[in-house]
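Take a look at this single chain in structure tokens; it is the form predicted alone.
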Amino acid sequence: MPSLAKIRNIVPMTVDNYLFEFSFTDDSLKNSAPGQFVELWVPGVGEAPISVCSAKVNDTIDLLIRRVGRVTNALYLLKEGDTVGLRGPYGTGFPVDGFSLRNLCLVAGGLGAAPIRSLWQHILNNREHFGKVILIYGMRHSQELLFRQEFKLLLRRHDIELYLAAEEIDGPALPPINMQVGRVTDLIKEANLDASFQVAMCGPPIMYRYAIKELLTKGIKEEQMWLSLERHMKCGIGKCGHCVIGGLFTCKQGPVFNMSLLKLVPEVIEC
């Protein structure tokens, strides 16, 4: 059953992507880990699976929510102080313990920056436990950049390498931020990667095919790559079957999978 959560803060990121901060009292939500998801319930409307978007989940949790369907449209009609329901966390997240003392490359495409944000925040909150960190983020248009202010701060740090690119750069954007014209694959080619890196990746399926190819040319093996899949995880507990692909329950065995497993399920990677 969902636990009650109150909308504490709403921050517009782009036209149809808002960052919602929810406060709650359910201790189970405090166990949320990077890469996991929760089910958001709007009373009288329904539920939708949303990726955890913040590393620290104590009495609040951040969820980046795109206005795209019935549930999220109803959520956008609410205001700060209104109440919704949350249940979870669910699924298998990124293996943060296995990443300890390793060099890491985080790759995000478009809305994939949301779950990757929880991972980079965790790493930077525990920076002494990780090796070199490279963050690669690509999008279609510069106006679609998420967490703009946060990226401005990341660019000032010396303990993380940040690569940003958009296929199209046009129009005013505040605060201004430096990025190059290109795609995620261009950034992977440019980045100083080698076979020592573990990779955490989230983005559209079409991105995976080409990003994986470029990572392999860097000497990074499939078993060093971790991918987060986007599927409609309706129940979250492996009962409804909506998220099954190739015999895998995305909601339980994922949404984060090791590439050595996914290569056995060819329909996962869009060709």
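Quick caveat, the model's predicted, so the values are computed rather than measured. Numbers follow the displayed sequence, beginning with 1.
Keep in mind that the form predicted together with a small molecule is missing from the display, and what follows is about it.
- Every member of the trio Phe37, Leu64 and Ala114 reaches the small molecule in the predicted bound form with some non-hydrogen atom inside 4.5 Å.
- Note that among 70-78, 122-130, 179-187, 162-170, the stretch whose heavy atoms approach the small molecule to within 4.5 Å in the predicted bound form is 70-78.
- For the candidate set Met207, Ala48, Ile220, Val57, a heavy atom within 4.5 Å of the small molecule in the predicted bound form is found for exactly one residue, namely Ala48.
- At least one heavy atom of Glu230 is located within 4.5 Å of the small molecule in the predicted bound form.
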